[in-house]
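Below you'll find only one chain, the form predicted on its own, shown as structure tokens.
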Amino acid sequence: MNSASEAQYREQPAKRLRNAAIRRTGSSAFMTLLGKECLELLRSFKLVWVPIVFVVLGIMQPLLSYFMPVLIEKAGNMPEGTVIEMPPPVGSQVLADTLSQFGLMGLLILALAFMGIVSGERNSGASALVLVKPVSHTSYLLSKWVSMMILTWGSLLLGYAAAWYYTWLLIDFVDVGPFMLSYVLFGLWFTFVLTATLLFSTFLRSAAGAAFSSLGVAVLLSMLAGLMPKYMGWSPGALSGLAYQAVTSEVLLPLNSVSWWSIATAVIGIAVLLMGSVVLLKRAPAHD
């Protein structure tokens, strides 16, 4: 073995140890940042009030559907002897209406809760204190994204499960299969929109601008998927409609090729949005 080969051979263990140390540092930094983000969610009471709001929204829909005839009857201004006949509510339709409420109010609440997740720290200078240490931009953003997903999927599950339980008590039983499938599809739609919120929060200085930009993208994609299902059925905007179909179908909704395309484009879109956020953060100053 010549001297060059011998030197290269001796350097290989050192390189492996150095790469392993870098990987350990990266994973340790990510877990530390994730703990910080979860603690921040707890200190800001988002871990408390956001799930409570979703549970309230979930309970309201079956209660309103059950008591609607009584509410209309007690509303007054009805001629004497008027008989109001309403078809009994269907459990699956009540859960679909609940998802519709989540798509309006729930998505607005989550976007407002996370609109300043990056821009707020850049404006205050907190991101500069974190990123000067041996912390990668990827770990920094991924920790925020994972904390967002923990709160989003957890709140959605609590609210939707509350709606499912009260629908079972008051109206009708809905099978667990359609319930879980619609939950996963709607959660994927929420993930896509909130990842867009993370991107806009990284790109824009204004937290409100980040929230309403992501909501505008969500409204646009949903409208296009609803108005042109033949041409836009593959887009992530079709996921909410697929969730409605999944819970209202009498049997478990079979996912066709268009549905799988919608899921695939949502997953790819989430990955692209995350990578775009990292690139934008690297190019932007740590403190605005």
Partner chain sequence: MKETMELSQWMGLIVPLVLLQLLLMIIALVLCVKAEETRGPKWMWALIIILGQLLGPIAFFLFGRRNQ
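Predicted model, so just to flag it, every value in this text is computed and none were measured. Positions refer to the first chain, counted from 1.
Same protein, other form: the form predicted in complex with its partner chain, not shown, and the subject of what follows.
When contacts are defined as a non-hydrogen atom within 4.5 Å, none of 176, 180 and 185 contacts its partner chain in the model of the complex. In summary, the region of this chain contacting its partner chain in the model of the complex, judged by heavy atoms within 4.5 Å and restricted to 148 to 156, 89 to 97, 104 to 112, 198 to 206, corresponds to 104 to 112. The closest non-hydrogen atom of residue 228 lies beyond 4.5 Å of its partner chain in the model of the complex. In the model of the complex, its partner chain lies farther than 4.5 Å from every heavy atom of residue 261.
Proximity of residue 57 to its partner chain in the model of the complex falls within the 4.5 Å heavy atom cutoff.
Remark: residue 63 counts among the residues lining its partner chain in the model of the complex, judged by a heavy atom distance of 4.5 Å or less.
Of the residues in 158 to 178, those that come within 4.5 Å of its partner chain in the model of the complex through at least one heavy atom are, in sequence order, 166, 169, 170.
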